[in-house]
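Below you will find one chain, with nothing else, as structure tokens; this is the form predicted on its own, and questions on how it binds or moves follow later.
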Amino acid sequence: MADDVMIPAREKVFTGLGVSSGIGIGTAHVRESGVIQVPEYRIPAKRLNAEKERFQEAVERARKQVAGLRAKLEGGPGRFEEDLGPLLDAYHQMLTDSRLVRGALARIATERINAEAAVQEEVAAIAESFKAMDDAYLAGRLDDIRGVANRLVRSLMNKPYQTYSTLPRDSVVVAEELTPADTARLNPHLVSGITTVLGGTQGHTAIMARALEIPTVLGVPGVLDGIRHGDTVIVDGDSGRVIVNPGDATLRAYEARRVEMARERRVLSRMRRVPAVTRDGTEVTLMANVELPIEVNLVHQMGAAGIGLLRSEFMYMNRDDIPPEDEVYETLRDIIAVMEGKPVTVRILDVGGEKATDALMGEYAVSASSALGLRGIRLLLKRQDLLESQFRVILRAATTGNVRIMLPMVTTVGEVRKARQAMKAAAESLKERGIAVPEPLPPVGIMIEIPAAALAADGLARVSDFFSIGSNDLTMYTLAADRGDEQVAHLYNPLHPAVVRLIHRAAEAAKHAGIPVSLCGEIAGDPRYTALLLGLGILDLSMIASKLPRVKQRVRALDLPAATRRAQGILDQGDPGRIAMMLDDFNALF
């Protein structure tokens, strides 16, 4: 409904990235730019040591601030400690020893510039080095680096952070950017929406906003200049629109839509208590994808059957070293324990490409920087020490719950066999130290995210305990189209016949081998595709937790034999447009 609203000329409309669903209507609370304008000046040679000391003192103050926030979390609500603890630990690590700190210090010495300018130049250099890797995940990590840099600059310039403790009800927070720590401390009963100039869909700020269920639009050019404190603002987290000083007709339409969405949420909330069963009685398993511990609470709220994809990268990013095994183990153990026996599928490190870090890449950094280079299992087989370390922490944590292990970026049977050998070696080393491991060892499956894996799925099924189809990468690699590149984004289409047939081929191979198959890409969380996926034989879907109720509602409306017949008809088609029409026509019937 909201998408059909006519926007009068006197209203101002901004467009960005809708990262947290819902409609927020309220009064603008404009925060000063999160990126402080700093002076740049030369430092005389005789004052270089003093400037370095000033920088180190600022680093120490920032570390103490982060440590203070960590201490407050430990004495506060458990949810905040779970949500922010790992992130603040990463901030502390970045302030202890990182490219940012080392690089800024080097610039003070070599370029003889003031510390604030050195920090900003180093952040710009880091951003430039990531520029060729246009990826949402990397954008999220870069946001965290900018957050630490901003804290450093504020410390150097003695500019404290604004707080949000006195916000009135129905406030819309408008800012250059929000740190994840800022976002997690917002009260969703007072804040009706968030919009910022910076930020992306996969950053920690976006994840925090979704967990708090605050409608949010990030990455909105010019929004800070276009909104004044006290303006009426509508934040449409679904369409990614921000409307400033809406006219009466627009306001009425959005208020009606918000009432309708509240009614829909009440209906969908009941989905938690009903099974995911089709009209003909077929059970479907709906699980959740998790990137940060904060999302586990939402997994329970949405009634997920478990975690179908736990990304382990968050424990290794934003630091220049490899975290101790005990630290990784404790984090995994806590997540698994909270799931209370529900299955948790842990994907071992999928680093490389856009997620490369120096500590993990080592001598393979050049190859790892390519999306077609050392990524996922390819890199880990080169780094046997890291692979076995991964298996050790997962095996230790697996004694507390129901765990499966997933291998990313697999293309050959040999990769799976070598990984299994590494897991057995890890298990033996733990037993020798008197540390318990699960008996039998957890199931080991693979991600089908490369066309070669889908085409060779019959052979891979013989050495795998399960398949998980990663439709995002499978679509990208099949069509050689990066959806982040506006010049080719229109080519990225999960309904291309090649993609549909590869998904079906993998599902059939799993069926013939008698192993489970799931799908964990974005289309798993879109009700438009539910009938097609079920019709292709995929009865296990994993998605962002907030998407689960709508997909369950769609599952319960479907007749599986009819969906299967339509899927078979779609497999015979050669035109994406025709496939889309056939799917949409079928959806209109159920």
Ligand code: PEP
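Remember, predicted model here, so these are calculated numbers, not experimental data. The term rigid core refers to the most C-alpha atoms you can superpose between the two forms while keeping them within 1.5 Å. Position 1 is the first residue in the sequence shown; the rest follow in order.
Keep in mind that the form predicted together with the ligand is missing from the display, and what follows is about it.
Exactly one of the stretches 168-176, 147-155, 445-453, 261-269 approaches the ligand in the predicted bound form with heavy atoms within 4.5 Å, and it is 445-453. Each of Leu309, Asp350 and Ser471 comes within 4.5 Å of the ligand in the predicted bound form, counting any heavy atom.
Among heavy atoms of Val191, none comes within 4.5 Å of the ligand in the predicted bound form. Although the partner is absent here, Gly535 lies well away from the ligand in the predicted bound form, with no heavy atom inside 4.5 Å. At a distance threshold of 4.5 angstroms between non-hydrogen atoms, Ile207 is in contact with the ligand in the predicted bound form. With a 4.5 Å cutoff on heavy atoms, Leu332 does not count as touching the ligand in the predicted bound form; it lies far away. For the candidate set Ala461, Ile503, Cys520, Ala304, a heavy atom within 4.5 Å of the ligand in the predicted bound form is found for exactly one residue, namely Cys520.
In summary, among the residues Arg396, Arg420, Arg383, Arg483, the only one with a non-hydrogen atom within 4.5 Å of the ligand in the predicted bound form is Arg483.
Taking 2 Å as the criterion, Pro180 counts as shifted between this form and the one not shown: its C-alpha moves by at least this amount when the rigid core is aligned.
Whereas the displayed form keeps them at a certain spacing, the CA atoms of Pro180 and Asn289 lie at least 3 angstroms closer in the predicted bound form.
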